[in-house]
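As a starting point, one isolated chain is supplied in structure tokens, in the form predicted alone.
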């Protein structure tokens, strides 16, 4: 049987992504990368983890392959599979194998959503071996020095059944993320949406009020991402109360009473 392996494409981030550091995360990530240590990012949804990875890929001048993990994702999806193309057997690398071959960064977003068998291929890549078992090819793919494995998850959202095992956690250097300080978040919303500073400040104040309701009716408060969405609607001519309802309140909850409460919070600011 003749098997063809398709060479991976290299996807570099050409323009510098906007990212506002809030601590020593850039230097920690860089040090971990230089020492070939895998990296775990943990923090609430929409707080800037993915943007941070984009920024670091640009800063390190390495290609980035991002995978949004989901409950149906298996180890085969990450490593690759055989395909029949025009009567020929073709091996197609999965995203993890592509990143290893090209010496890129592989970012597995919300890793706990994937099936448990994914740890079989993650563990040997995340320790001193730095190898990717490719059982269907009968190969062990050795990661080059430039390759880096990055995973993320939201510890406040996951259930006990979807938490990371210690056998996985203790292979990584962990960086904890949270929503930015108020002044930084205002600057991010202003920069990303184009709204004026006063509107950006009101949106951030609104978000912080909703975050106080976490655990008291809301699973999560408004993320920085949602504030940018609302700001873009406002910048496009939508009135602030309507923008906050569509981009924030309706996204956070379906409960009528909680929806009314969140809308009441925005009404105090707009």
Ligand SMILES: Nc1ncnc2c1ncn2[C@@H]1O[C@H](COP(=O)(O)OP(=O)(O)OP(=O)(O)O)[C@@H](O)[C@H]1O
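Remember, predicted model here, so these are calculated numbers, not experimental data. Residue numbers count along the first chain shown, from 1.
The form predicted together with the named molecule exists for this protein as well; it is not shown, and the discussion that follows is about that form.
Checked against the named molecule in the predicted complex, the candidates 63, 38, 46, 240 yield a single residue with a heavy atom inside 4.5 Å, and that residue is 46. Every member of the trio 50, 225 and 228 reaches the named molecule in the predicted complex with some non-hydrogen atom inside 4.5 Å. This chain is displayed without the named molecule, yet in the predicted complex the stretch 184-192 from 113-121, 184-192, 89-97, 167-175 comes within 4.5 Å of it by heavy atoms. Under a 4.5 angstroms non-hydrogen atom cutoff, the named molecule in the predicted complex has residue 109 among its neighbouring residues. Within 4.5 Å of any heavy atom of the named molecule in the predicted complex lies no heavy atom of residue 12.
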